[in-house]
Ligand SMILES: Cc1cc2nc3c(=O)[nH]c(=O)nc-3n(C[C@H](O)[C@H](O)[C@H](O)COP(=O)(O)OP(=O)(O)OC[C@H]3O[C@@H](n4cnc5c(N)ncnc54)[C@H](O)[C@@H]3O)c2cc1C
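For reference, the chain that follows is the form predicted alone, supplied as structure tokens.
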């Protein structure tokens, strides 16, 4: 069994104010927002599943982001803090001074509601990434499994895999219209799993597709992101199949009973 070396990087946390440059509806349930402005200077993101914390206008329409204090993030006293959520940088182009973030549109919630009405000239607060988990680049295959909340990270994974790499992407989405073009230099297989009205919290599509994957020669790394209980169950199933723990990275991107975002 080969030894694959992952790397953890820590980054200095910087709080920024970002300007909305462009907005594009990718699919019925995905809105792309491109940010820029002087606040983006010095930003860096080195792993496909990095997270930035975004700060949205509060109920009064005010942007009240925190400051970095001795105890961490501290909000101004006497004002309603900006709601905050974690998002994956879909693409960062330092030369153009642009950061792309894809938002899932699912109804109520400060992030989804803001993204649905986003327009050039608006502003958001941002912080991070705090760090990056750099997966070893010498696996024989990368299996990327997730629901629509994981689609930005999966798209970035496929963007950044080099020629010669192999990857299988299992992507659960609300409906067929939510499919996206996912270019890659690597040899990839993409399996779209359409829920057709089923709940993202209880759908079995990802789990079934993962269990039905044909065996492959060599070592496979498994990256999983979905509802918290589902991601945990898929990790446990891989554990029972004897997959080494450090060949799995499974993350709950949301929790069924706290799904507003």
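Positions refer to the first chain, counted from 1. Computed from a predicted model, the values in this text were never measured in an experiment.
Same protein, other form: the form predicted together with the named molecule, not shown, and the subject of what follows.
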Mind checking whether each of 106, 111 and 257 has a heavy atom within 4.5 Å of the named molecule in the model of the complex? yes
Do residue 172 and the named molecule come within 4.5 Å of each other in the model of the complex, heavy atoms counted? no
Can you work out whether residue 155 and the named molecule are in contact in the model of the complex, taking contact to mean some heavy atom pair no more than 4.5 Å apart? no
Should residue 85 be classed as touching the named molecule in the model of the complex when contacts are defined as heavy atoms within 4.5 Å? yes
Please check if residue 235 has a heavy atom lying within 4.5 Å of any heavy atom of the named molecule in the model of the complex. no
For the chain seen here without its partner, which of 69-77, 125-133, 146-154, 180-188 has a heavy atom within 4.5 Å of the named molecule in the model of the complex? 146-154
